[in-house]
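Below sits a lone chain in structure tokens, taken as the form predicted on its own.
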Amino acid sequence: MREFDVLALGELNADLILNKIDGEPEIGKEKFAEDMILTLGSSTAIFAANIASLGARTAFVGMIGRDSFGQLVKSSLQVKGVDTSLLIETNKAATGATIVLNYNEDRAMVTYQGTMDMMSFADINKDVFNRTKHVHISSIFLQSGIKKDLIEILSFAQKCGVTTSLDTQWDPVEKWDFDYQHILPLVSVFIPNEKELLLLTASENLEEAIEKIKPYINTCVIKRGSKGSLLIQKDAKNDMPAFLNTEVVDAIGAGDSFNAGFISQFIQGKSFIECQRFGNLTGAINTTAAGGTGAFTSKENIIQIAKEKFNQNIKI
């Protein structure tokens, strides 16, 4: 029995989210937003907070500055039940932050990387890989240290008998430098969204992208927004429709919540179809509240939303 079910490894930042904005930004002009939220941000942190809310024993390895945003990140994770004893605090840079301009189901973002870009495999106590069953990594293009060491990290996890999941997320500089031929064989579950997969594989369409990665994957599940998700394995494929929310508050963190739902079932040994279905549901639940973690305040709240909004009876 290992101490943790899941170790989230990666970037941490605060999100300043502006909603109900009266138009798009223009240089030299000022716009009003009717609503503002300062909250825990970063893909990996949203994943960690939400999978902990789903009952997984979760810890986080990441780097923060010794500043107010760092304390916000740390306390927010703790409130969600995430173990923060492995966080690395530094004076070398400020904690990362993202300004999010939210427009219904789409958004524009500006990110200061700060400490997110500093951590590498050398900073991590290797013993943590013997304390967890699973390691999740996300947003590699925001973390040059982690990206540089990704194959080493995944190989080490594999040697320690740890399963892994990877969601590369968007590349802000749009180079899409991703050695999938060598990386994907080391990943237990690869979880890109459709647009990112096309760019990661330099493909014209989804079929072409799937054919390129299929020789190298163990399991891949492709997030397709309102179209649902597509599960791909070497000898199987399953296209599953989304649980549609007709009253979307915002879609921030919906993909991360899908990841949390999928992996929460994966670590319990559920079938991949069950994992996919629960991922679709948690992604949809995410859209019923503001911010990436707003809908995941408690097990009771998650169960209630699943029943009232999507007519799904779930046990957590």
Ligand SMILES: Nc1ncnc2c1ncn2[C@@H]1O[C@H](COP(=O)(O)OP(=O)(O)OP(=O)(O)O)[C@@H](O)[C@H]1O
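In this text, residue numbers run from 1 along the sequence as written. Owing to the predicted nature of the structure, the values given are computational and were not obtained by experimental measurement.
Beyond the structure shown, there is the form predicted in complex with this ligand, which is absent from this document and is the topic of what follows.
- Task: Just one of 32 to 40, 264 to 272, 62 to 70, 249 to 257 has residues with a heavy atom within 4.5 Å of this ligand in the predicted complex, so point it out.
- Result: After filtering at 4.5 Å, what remains is 249 to 257.
- Quick one: in the predicted complex, does every one of A93, G96 and Q113 get a heavy atom within 4.5 Å of this ligand? No.
- Message: Just checking whether L244 would be counted as a contact of this ligand in the predicted complex - the rule being heavy atoms within 4.5 angstroms.
- Response: It does: once this ligand is placed as it appears in the predicted complex, L244 has a heavy atom within 4.5 Å of it.
- Task: Report whether the minimum heavy atom distance between H136 and this ligand in the predicted complex is within 4.5 Å.
- Result: Residue-level check for H136: no, no contact with this ligand.
- Query: Looking at the partner-bound form in the predicted complex, is Q169 within 4.5 Å of this ligand by any heavy atom?
  - Reply: Q169: contacts this ligand in the predicted complex.
- Close approach of R224 to this ligand in the predicted complex, 4.5 Å, heavy atom: Because a heavy atom of R224 falls inside 4.5 Å of this ligand in the predicted complex, the answer is yes.
- Task: State the residue from S188, N193, N102, S76 whose non-hydrogen atoms include one within 4.5 Å of this ligand in the predicted complex.
- Result: Filtering the options by heavy-atom distance leaves N193.
- Query: Which of S165, T201, S229, T219 has a heavy atom within 4.5 Å of this ligand in the predicted complex?
  - Reply: Looking at the other structure, the residue within range turns out to be S229.
- Task: Taking only heavy atoms into account, state which residues of 5 to 37 are within 4.5 Å of this ligand in the predicted complex, ordered by sequence.
- Result: Going through 5 to 37 in order - heavy atoms within 4.5 Å of this ligand in the predicted complex - there are no hits.
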